[in-house]
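Heads up, what comes next is one protein chain in two forms, each shown on its own as structure tokens, labelled structure 1 and structure 2.
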Structure 1
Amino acid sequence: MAINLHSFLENYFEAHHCDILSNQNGVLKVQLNEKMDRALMNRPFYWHYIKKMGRDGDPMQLTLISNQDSLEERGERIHFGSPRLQQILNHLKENERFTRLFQVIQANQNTALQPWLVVNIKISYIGKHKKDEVFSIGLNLINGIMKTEMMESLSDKEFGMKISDFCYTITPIIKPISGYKRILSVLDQYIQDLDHEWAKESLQELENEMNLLKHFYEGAYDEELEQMEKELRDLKERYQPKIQIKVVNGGIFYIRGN
């Protein structure tokens, strides 16, 4: 059910008009443009200097290795929870949270486009350790069909900001907010069906740490007890298991029906 990380990266860089220099065996080499270099490579002083000199600048190349079994060494290994992926997700969240796109079609007769609500969501399992999962789910707002790995299924289609000639959109039967609630309901059920041994381990670790701390402060005075209470609260914040669901981005995609 989780999104294919490599396909997600492909779609991300293609959507931001970066050239894919090579793409094989889970190794993606990308030529960044200026906008994406500024967003990802943390070179503000370089770009300030280049622009002050009146030059175009030289955006960097980025090689990302999503296949953890790859023997390729020249590149940056990326996985769920890695700083680079978190940076990419934050960039999407801050700049492109919601969009509306139309499938590009060369049509010579009236062609209907159906509205799909597409939502990319990150689920974080936070406790003794942290684990992230990213899901891409699409819901047809006409007939209620739901698909997982939606962004991957759209990768072979071209989209634009304007509707193509001879195309028209069908008015949604399901309101986007209702569709979003359906998607959350599916994810809630997915979470309930998981093995939550990680949460039990985190609670056990919390209990052990709290007992150790209380033993350390045994016989302490009032001021020391106040410090103990603060440290107990910090322990609970660190180890208390919780699950967070965050929308990375999403939108309405108008797609020709099969």
Structure 2
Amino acid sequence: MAINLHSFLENYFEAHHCDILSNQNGVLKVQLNEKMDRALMNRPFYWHYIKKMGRDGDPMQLTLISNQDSLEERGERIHFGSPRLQQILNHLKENERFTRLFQVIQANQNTALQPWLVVNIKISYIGKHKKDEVFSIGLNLINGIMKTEMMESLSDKEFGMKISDFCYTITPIIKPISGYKRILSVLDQYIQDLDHEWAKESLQELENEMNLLKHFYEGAYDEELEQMEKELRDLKERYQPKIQIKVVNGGIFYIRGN
């Protein structure tokens, strides 16, 4: 797993403004707030009735044990693949899709921030089997420069929701939608240039099995033919190669240019 689970969880709850009650030896105890209780604890009826009675409600506490050697008994064991972690990851993926951020700068003179469109994109290659690839691409909306591994290059910078003192933003020359189209066309070229052996294999398999199927139904009529059509559709669904392009998340970043 690419992340350190324990600090990941800590950051997650802090970013959602939950109090960390205790945190040692891989056991994290958190006081949820209402928003996070609603998001994670799956008790819509409680919140429905408590609000109907005009009360605030008591968000629950959550103890997560990420240290697999811990003998702590009270709490939920959490590890890669556990339902709780999947829930948290999904919660992130669903809710943190759009942003607009300003680089945080301790400036004492006027500083310009340039707008970038940053898009994180997942490409899935689906045939007999499936694999994914993630690209993080940034496009400068002033001069059209494009960078890959954008998230990695931003990772050591600080960003806030509001612009820092003495900073001002430059108005984009390229519209985000045009920038997005440029990014897509670059990806399209990338895909065109790939060797799609996987797709060939998948089409080959599709053809083989279609031939078998037709042989099987030789001389068939009526209902049997219908059955054959159904099975042909099933086959295509299973083998027809597809490439799926999906944006993980993205937004506008105002970054000091140098």
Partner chain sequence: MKNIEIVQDTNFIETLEEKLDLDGPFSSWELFKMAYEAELTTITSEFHGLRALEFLPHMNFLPHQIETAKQAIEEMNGRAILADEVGLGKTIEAGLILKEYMIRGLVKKILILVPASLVNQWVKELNEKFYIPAATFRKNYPWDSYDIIVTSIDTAKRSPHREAILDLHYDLILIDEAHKIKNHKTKNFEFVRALKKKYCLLLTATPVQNQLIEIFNLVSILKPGHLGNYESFLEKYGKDRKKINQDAFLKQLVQKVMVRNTRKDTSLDNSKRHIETVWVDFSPEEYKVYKELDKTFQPFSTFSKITFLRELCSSREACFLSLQKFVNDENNHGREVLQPIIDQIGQLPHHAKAQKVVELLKNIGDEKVIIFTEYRASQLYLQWYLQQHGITSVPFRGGFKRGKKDWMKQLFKDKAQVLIATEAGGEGINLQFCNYMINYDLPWNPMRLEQRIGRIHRYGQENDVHIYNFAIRNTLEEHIMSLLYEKIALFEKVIGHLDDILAELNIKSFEGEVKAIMNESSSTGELKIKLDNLASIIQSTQNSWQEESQYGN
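Under this definition, the rigid core comprises the largest set of C-alpha atoms superposing within 1.5 Å between the forms. Along the sequence of structure 1, residues get numbers from 1 upward. This structure is a prediction, so every number in the text was calculated from the model and none was measured.
Undergrad: Two forms of the same chain here; which is the form predicted in complex with the partner chain?
TA: It is the second structure that is the form predicted in complex with the partner chain.
Undergrad: Using a rigid core superposition, assess whether residue 218 undergoes a CA shift of 2 Å or more between the two structures.
TA: Comparing forms between the two structures, the residue 218 CA shifts at least 2 Å.
Undergrad: C-alpha of residue 12: shift of 2 angstroms or more between the two structures, rigid core aligned?
TA: Passes the 2 Å threshold, so yes.
Undergrad: With both forms fitted on the core, check whether the Cα of residue 68 differs by 2 Å or more between the two structures.
TA: It does shift by 2 Å or more.
Undergrad: Quick one: CA shift at residue 39 between the two structures, core fit, Å?
TA: For residue 39, the C-alpha ends up 7.1 Å from its position in the other form.
Undergrad: On a rigid core superposition, how far has the CA of residue 48 moved between the two structures, in Å, if you could check?
TA: Its C-alpha position differs by 13.2 Å.
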